[in-house]
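Encoded as structure tokens, the following chain is the form predicted alone, with no partner shown.
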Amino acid sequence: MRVPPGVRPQDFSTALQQFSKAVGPEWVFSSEADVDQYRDAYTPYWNEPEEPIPSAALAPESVEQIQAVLRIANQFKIPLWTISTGKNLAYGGSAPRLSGSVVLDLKRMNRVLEVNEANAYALVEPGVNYFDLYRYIQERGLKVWIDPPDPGWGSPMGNSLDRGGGRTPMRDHFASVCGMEVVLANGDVVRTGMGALPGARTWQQYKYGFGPYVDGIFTQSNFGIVTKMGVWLMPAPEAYRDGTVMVRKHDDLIPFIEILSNLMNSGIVRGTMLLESPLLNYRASQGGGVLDTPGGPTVAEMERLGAEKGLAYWSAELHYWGPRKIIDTQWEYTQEKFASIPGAKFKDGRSYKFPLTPQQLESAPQIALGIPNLSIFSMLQSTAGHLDFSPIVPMDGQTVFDVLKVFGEAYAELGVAPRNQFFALPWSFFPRSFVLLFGFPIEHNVEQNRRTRQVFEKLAQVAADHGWGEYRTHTAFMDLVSSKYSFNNHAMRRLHETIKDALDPNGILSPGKSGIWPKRMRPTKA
């Protein structure tokens, strides 16, 4: 039997017995077969000594059971690693940051507590996944949409607390959070925002309440256990359409993104956009790569290839939701703005008025229409999985050129062909910035995974050197990424540690989450 670090085996046995009384013996998992279900199938440390493996897992079904678990964990100083559904793949899955932690699995707390159609919000528990919430809405015929990520099997709470993104105008998931219920390490229950007012009628309608706004400290952190969360939904639109903008020249990217940024900041183009390069993708299919590696073809050579093959250098599919007349006008206005770029071309895409017929639904871009699915898995290139490197960069064309060159040079320096990433161009998951998603295939191969870690660490350093920080990372790299946010001698880390010590003096909640370690573990985690 594995034992949490710093806990005596006899104390752990006693704690497991007490956990059984608190949540029911059938909801305490300590056998090797059960614990293996909580390993990260995508870990870059598979079968290496550094791979974090839990010692046990618990599945409470209520706030009261969580409070009982916390009393026991505080007594024996047992580290807990909280998950909602454990589907945070590419970022650590259900495995803890600290090997030997006990996973606190909230999958049984899976009630949709409310969906309000008039004010477009939901109140959910952590175990509710996007499919659950979607079914709840469809079964009741409510005219609201959710905003699922890829894939849709995770939970709105878990994804929002990790500040994930989706595809519709509600794509910035934490920005759509309104009101939380949080159990602190001492068992105290706090409701944030208007929820602090007994009998509040606007808990899910006004975020801030009175006094300091604290919701943000419970995202990507280990300061409490969120047990209820409000999430704003999107009123069901009348219609949807999309269209593609294409430009021919390498340097067209500068005005292309300048126009795009203005349209997004003005609310004319909404939702997530992926910058694409049909020309660079063609080169990659011929054995080249998207990144600008030393010794590659010149811009003039690439433009000649594009002219020969009839391929745009840059393109983007843009999306519109709302009344038919308005979105048609928005697409028309979008074309007028991009027409200032010589040679720009446009392609009308899909156009729907809701509700969809079964035939339309079958070919529709389901994520963009708020329909959760698992189709993303058909795109993944690895037989085991992947992990993501995801820095945030400015939304401008010169930065995109810099990114492709800087990361291309990093791969060259490492002597690694930059074909192990399957995304390298930016997405607009969040307003006024781009996020890059470098997906690294992960295999159950020790040597390959060591090489992948080397590339990841190099890219993280290069990104930090250029002022590009990751917004989210795999548990294996949380200390590394946290260390890059080092302004004023790591003032942010010191603030996080001060909050951690005040709210969780025994350090039992998710040690190491986002590089935040409890005081008793800090000396070895410099």
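Don't overthink the numbering: it's just position in the shown sequence, from 1. Values in this document were obtained by computation on a predicted structure and should not be read as measured data.
The next section is about a form of this same protein that is not shown, the form predicted together with a further copy of the same chain.
- Taking the partner from elsewhere, residue 40 is found to have every heavy atom lying beyond 4.5 Å of a further copy of the same chain in the predicted complex.
- Although the partner is absent here, residue 94 sits far enough away that none of its heavy atoms falls within 4.5 Å of a further copy of the same chain in the predicted complex.
- Within this chain, residue 262 lines the site of a further copy of the same chain in the predicted complex, having a heavy atom no more than 4.5 Å away.
- In the predicted complex, at least one heavy atom of residue 473 sits within 4.5 Å of a heavy atom of a further copy of the same chain.
- Screening 271-279, 406-414, 424-432, 146-154 for residues having heavy atoms within 4.5 Å of a further copy of the same chain in the predicted complex returns a single hit, 424-432.
- Proximity of 57, 70 and 374 to a further copy of the same chain in the predicted complex is absent: no residue of the three has a non-hydrogen atom within 4.5 angstroms.
- Comment: a further copy of the same chain is not present in this chain, but in the predicted complex one of 77, 108, 337, 283 has a heavy atom within 4.5 Å of it, namely 337.
- Only one of 446, 307, 113, 196 lies close to a further copy of the same chain in the predicted complex, with a heavy atom inside 4.5 Å, and it is 196.
- If you take 215-234 and check each residue for a heavy atom within 4.5 Å of a further copy of the same chain in the predicted complex, you get 216, 217, 218, 219, 220, 221, 223, 232, 233, in sequence order.
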